[in-house]
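Consider the single chain below, provided in structure tokens and representing the form predicted alone.
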Amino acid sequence: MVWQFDVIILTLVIVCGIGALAVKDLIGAAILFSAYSFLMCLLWAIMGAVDVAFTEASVGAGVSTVLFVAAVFQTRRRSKD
């Protein structure tokens, strides 16, 4: 039963990764990247690498998302598209 969760989470990781690359809105890309990092954290925890999962959760899903969103809010749009 555990491998079904692995396949579901791996599928969601792939969807979030492709979505983060495909979306045009920078805030949306930052949110999808955060979801990608959180799902990778779950995969690391399932595989038993708890220290790597904790680092991924704190740095990948936490700090980098805050920095990305702060950087996006510091920029200005040049066009309306």
Partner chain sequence: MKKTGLIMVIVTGILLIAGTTEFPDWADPNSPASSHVSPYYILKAIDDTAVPNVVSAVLADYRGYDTMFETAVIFAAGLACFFLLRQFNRKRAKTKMYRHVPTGIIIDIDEGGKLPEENSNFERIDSQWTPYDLIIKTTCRIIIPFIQVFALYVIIHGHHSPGGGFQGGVILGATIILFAISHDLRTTIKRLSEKMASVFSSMGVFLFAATGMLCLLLGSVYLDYSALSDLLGTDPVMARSHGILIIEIGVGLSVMAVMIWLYYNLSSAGKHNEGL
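Residue numbers count along the first chain shown, from 1. These numbers were taken from a predicted model, which means no experiment stands behind them.
In what follows, reference is made to the form predicted in complex with its partner chain, a form of this protein that is not presented.
Looking at Ser58, you'd find a heavy atom of it within 4.5 angstroms of its partner chain in the predicted complex.
Looking at Leu10, you'd find every heavy atom of it more than 4.5 angstroms from its partner chain in the predicted complex. Within 4.5 Å of any heavy atom of its partner chain in the predicted complex lies no heavy atom of Ile18.
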